[in-house]
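The form predicted alone is given below as one chain in structure tokens.
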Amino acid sequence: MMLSTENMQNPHPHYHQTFAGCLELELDDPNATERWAAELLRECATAISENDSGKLHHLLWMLNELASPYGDCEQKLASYFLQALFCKATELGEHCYKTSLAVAERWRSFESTRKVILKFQEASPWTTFGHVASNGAILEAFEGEAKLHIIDISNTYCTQWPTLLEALATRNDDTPHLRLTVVATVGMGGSVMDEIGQRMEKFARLMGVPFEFRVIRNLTRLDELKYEEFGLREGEAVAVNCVGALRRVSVQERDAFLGMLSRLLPRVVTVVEEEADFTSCKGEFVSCFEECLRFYTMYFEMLEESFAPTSNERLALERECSKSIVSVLACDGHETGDCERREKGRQWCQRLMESFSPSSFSDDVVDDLKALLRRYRPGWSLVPAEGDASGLYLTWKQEPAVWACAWKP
């Protein structure tokens, strides 16, 4: 459906007054106050699905009046989902996504990126959970090895590796030689990765760990990665670290991508992904919207409780979400490069089982994760996967948020 981008004024004020009156009555209920954004956004998604351009125009106008990226959690959700729904209705999703990536790339610096990441790690275990789980599995797989090669296919900007370097420096046997190969897609910022490399090399010297740092850069999408680019050397033990990475591989290429990783014969593959399913519902817009709304409502509420209302870091994290929401709801992924179609732990397990076998986290790693969660506010829990899934879940108020698992050939 193509909706005109011109004239966002409301030409039918009576319709607006009637709708707003109903909304005002509903908001007399305290519980309804907490979900006004979801209700309006659902109506909007349904109107798009049903090609009801008249109703859609009114709903977009109303959301535009109520939404704000600087307001409370409901206003923020309304603002970022409004952008995605408008892009879907006007068929401008690809353009909007590319523009937001270009703007982010232009303004991204090492210091700004570092500050946001460190503040997030300080306020929430959302990312540190995966770091601790992955580092623990990698260190155990590398026990006794002298030549180590970590292939980092992640979106973490190397923030998990300083603690691993510290652990290697204090090993009982001789300090091993570590080679770190980082895969960076276009959106990660070339200058940022250069600065990170310099700092990693300096820190490794400080720790007394022989260290090499290399970046595989300028990939438009992870699907372009080739086995030969990793430059494997004889006698080195390989680990592949995938934190927030597999969801950026095109859905139709995921099995082949995992097969390529298995050819590296790694001692361990660590996988960390956010627990949401934007894949199986891809052809059903309303179902995909509902899952997207569920996941980001949880995420935004977590940020609201973890950060001060005026936090610039919180605003940066929310803006980063806006690109993902646009990608999922308004792009088909063919032109934008990165894919944002998450899958749940059990779905990843089905894919990974074709090339790898699950490896349980040791009691020591689980103890480290429990100790990590005690550093944060109440509401976080560690839950073992059950049924068709392996690994561990980080839950926020009993809702699975992040999944971590280790695999071996």
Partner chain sequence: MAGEAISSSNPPPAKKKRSLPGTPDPEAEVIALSPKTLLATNRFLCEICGKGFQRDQNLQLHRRGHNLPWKLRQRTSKEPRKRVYVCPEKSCVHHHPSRALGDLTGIKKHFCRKHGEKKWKCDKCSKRYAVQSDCKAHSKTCGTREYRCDCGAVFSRRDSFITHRAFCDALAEETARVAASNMSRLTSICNGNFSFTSDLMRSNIANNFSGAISNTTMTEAEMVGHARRELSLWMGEGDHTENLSKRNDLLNPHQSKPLSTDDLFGNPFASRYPNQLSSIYSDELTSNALPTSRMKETENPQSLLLSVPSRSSTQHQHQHQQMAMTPDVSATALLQKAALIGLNASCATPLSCFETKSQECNFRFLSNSSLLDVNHSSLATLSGNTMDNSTLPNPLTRVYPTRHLMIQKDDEPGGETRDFLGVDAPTICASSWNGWV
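Here the structure is a predicted model, which is why all the values come from computation and not from measurement. Residue numbers count along the first chain shown, from 1.
The protein also exists as the form predicted in complex with the partner chain; that form is not presented, and the subsequent description refers to it.
For the marked spot (Tyr157, Ala371 and Arg375), a heavy atom within 4.5 Å of the partner chain in the predicted bound form is present in each of the three residues.
In the predicted bound form, at least one heavy atom of Arg205 sits within 4.5 Å of the partner chain.
In the predicted bound form, the partner chain sits within 4.5 Å of a heavy atom of Leu118. Taking the partner from elsewhere, Asp173 is found to have a heavy atom lying within 4.5 Å of the partner chain in the predicted bound form. Contact check for Met200: a heavy atom falls within 4.5 Å of the partner chain in the predicted bound form. With the partner omitted from this view, the residue of Glu145, Glu313, Asp223, Glu195 that lies near the partner chain in the predicted bound form is Glu195 [heavy atom within 4.5 Å].
Contact annotation: of the candidates Val251, Ala256, Ala169, Ala104, the single residue with a non-hydrogen atom within 4.5 angstroms of the partner chain in the predicted bound form is Ala169. Of the candidate stretches 145-153, 118-126, 231-239, 294-302, only 118-126 has residues with heavy atoms within 4.5 Å of the partner chain in the predicted bound form. If you take 106-120 and check each residue for a heavy atom within 4.5 Å of the partner chain in the predicted bound form, you get Phe110, Glu111, Arg114, Leu118, in sequence order.
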